[in-house]
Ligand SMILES: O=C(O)[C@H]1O[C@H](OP(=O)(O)OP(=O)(O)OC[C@H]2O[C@@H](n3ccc(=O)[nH]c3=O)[C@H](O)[C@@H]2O)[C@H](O)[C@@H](O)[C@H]1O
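Before any questions on binding or motion, here is one chain by itself as C-alpha cells, the form predicted alone.
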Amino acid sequence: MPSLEEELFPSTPGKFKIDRGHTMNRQFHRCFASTSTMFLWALFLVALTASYLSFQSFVDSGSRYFSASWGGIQWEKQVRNSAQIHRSGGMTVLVTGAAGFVGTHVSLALKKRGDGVVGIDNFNNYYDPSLKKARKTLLSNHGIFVIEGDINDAKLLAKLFDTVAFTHVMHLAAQAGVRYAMENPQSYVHSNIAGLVTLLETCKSANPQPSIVWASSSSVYGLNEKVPFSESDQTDQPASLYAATKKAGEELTHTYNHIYGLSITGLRFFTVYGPWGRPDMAYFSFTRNILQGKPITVYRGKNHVDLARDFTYIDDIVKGCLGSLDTSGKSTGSGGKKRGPAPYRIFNLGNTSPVTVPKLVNILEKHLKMKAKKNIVDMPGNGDVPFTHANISSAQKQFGYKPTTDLQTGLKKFVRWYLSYYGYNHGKAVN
C-alpha cells in the first residue's frame, strides 16, 4: 500500500532518497510562490475592475451631461435668443407652465408685442402630453424656447437666472383640476406649494429681483355664498385640496412680499376656456363625447339647481395677465434683502356673466350640429362648488381689464379649433 509520501510525490526512475526536511521546504516555497502569484493576479483583477468602473462612471457622467435636457453652450444660446427684447421698454419674462393652456397663449401674446420670453414646463401626464408637445411646437415656431424641467429643480432655476436677468416671472405652472386631488394629492403639494416656494426662493435671491405675477384660482372662494365674489371676501373655507393649495400659495406669496420685497400679483382665474384648452375641462370633454356619440354627465346642485360658472374666454384672460405684468411695479429687494415695501395685489379675472352648465351644452350642440346624450346626476362631494361669479371692478380700475367675449362667441372659436386640430369634417373624424 503506497505511503502518504508516495501519494504526495510521484515515483521517479532510479534511486530517490526522501529528505523530509528538503521536501517540506520545497512544498513551502511552492505554496508561497503559488500564493504570491494568486495575490498578484488578485491585485491585477482589482485594479482592472476599478479602472473599468472609473471609466464606466466617466462614460455615464458624460452621457448624462450630453443627454441632459438643460445646460451647455447651445442651451444657453437658445435661452438668450428667446429672451431677446424687440420693443422699446419691453420686458424679459420667464413663463412657467409655458406649454400649458394659459401659458401658451400668454407666451405668444408677449412675444407678439416684442417682449423676451423663455418658457419652462415639466410636461407631466395629468392629461395627454401630446397636446403639450404640440403647444411647444407652436411656441417654437414663434421663436419661444421652452425648457423641459420642473420648477422644483432649484439648480435649473438658478442656471436660468444666471443666464438671463429676467425682469418678470409669469408663474402659471401648477397641478390643476379639482377632482384629481382625490386620486393624487401629493402632486398638488409638489407643484402648487413646494414648487412655488422653490421659485420664490430663486426670485428673492436674484439680483435684480423680478416682479412676479402668478395664477391663483377662483376656487379659493370655496363655500362662499356671497355673490359676486370679491377679492376682499373671506377665503378660509376651501372645498377642495386644489383650492387649499392655491389659498396656501396666496399666504406664501404674501410672506415673501413682506419679508423679501418681492412685487407679487395673484390672479384668480374663473373657468378659462378656448382653443388649445385642457381636455379635463367640462366644455372640452363634452365636445369630445358629443362628437363620438357618447353620453355626457351633467351635474346639478342641491334641490336640482343647475350648476353655473363664470366662463372666461382665453383672450380675455391673456389681456388680464399682460395688464398685470405691465402694472406690477418693481421688487424692492436685492440678494434676498428687502429695501422697502413692494406691491402685493390680488385680482379676479372673470367674465362677470355666469352661465349654467345646461346652457353651455345647448351652445355646444348648436355649434357641433349634434345632440348630446345627457346623464343628469347630483353633484358628488368631490370639491366642486355650485357656482362662481367674479367681481372684476378692481382689475378694471388698476389696468383697464374688460372682458369682451361672450360664451356663444368663445365656444364657436373653440369648436372651430377642435374640429381642425383633431381632424373632424362635418362631425366625423378624418382618417
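Residue numbers here begin at 1 and follow the sequence given. Note that this is a predicted model, so its numbers are computed, not measured.
Not pictured, yet referred to below: the form predicted in complex with the named molecule.
Proximity to the named molecule in the predicted complex holds for all of S217, R309 and V357, with the criterion being a heavy atom within 4.5 Å.
Across the options 247-255, 339-347, 171-179, 130-138, residues that bring heavy atoms within 4.5 Å of the named molecule in the predicted complex belong to 171-179. None of the heavy atoms of Y313 is located within 4.5 Å of the named molecule in the predicted complex. In the predicted complex, at least one heavy atom of R278 sits within 4.5 Å of the named molecule. Although the partner is absent here, F161 lies well away from the named molecule in the predicted complex, with no heavy atom inside 4.5 Å. The named molecule in the predicted complex comes within 4.5 Å of no heavy atom belonging to N207.
Distance criterion of 4.5 Å from any heavy atom to the named molecule in the predicted complex singles out T271 from the list T198, Q78, T271, T332. With the partner omitted here, the residue from S353, S187, T297, S230 that has a non-hydrogen atom within 4.5 angstroms of the named molecule in the predicted complex is T297. Contacts to the named molecule in the predicted complex (heavy atom within 4.5 Å) from stretch 187-205: none.
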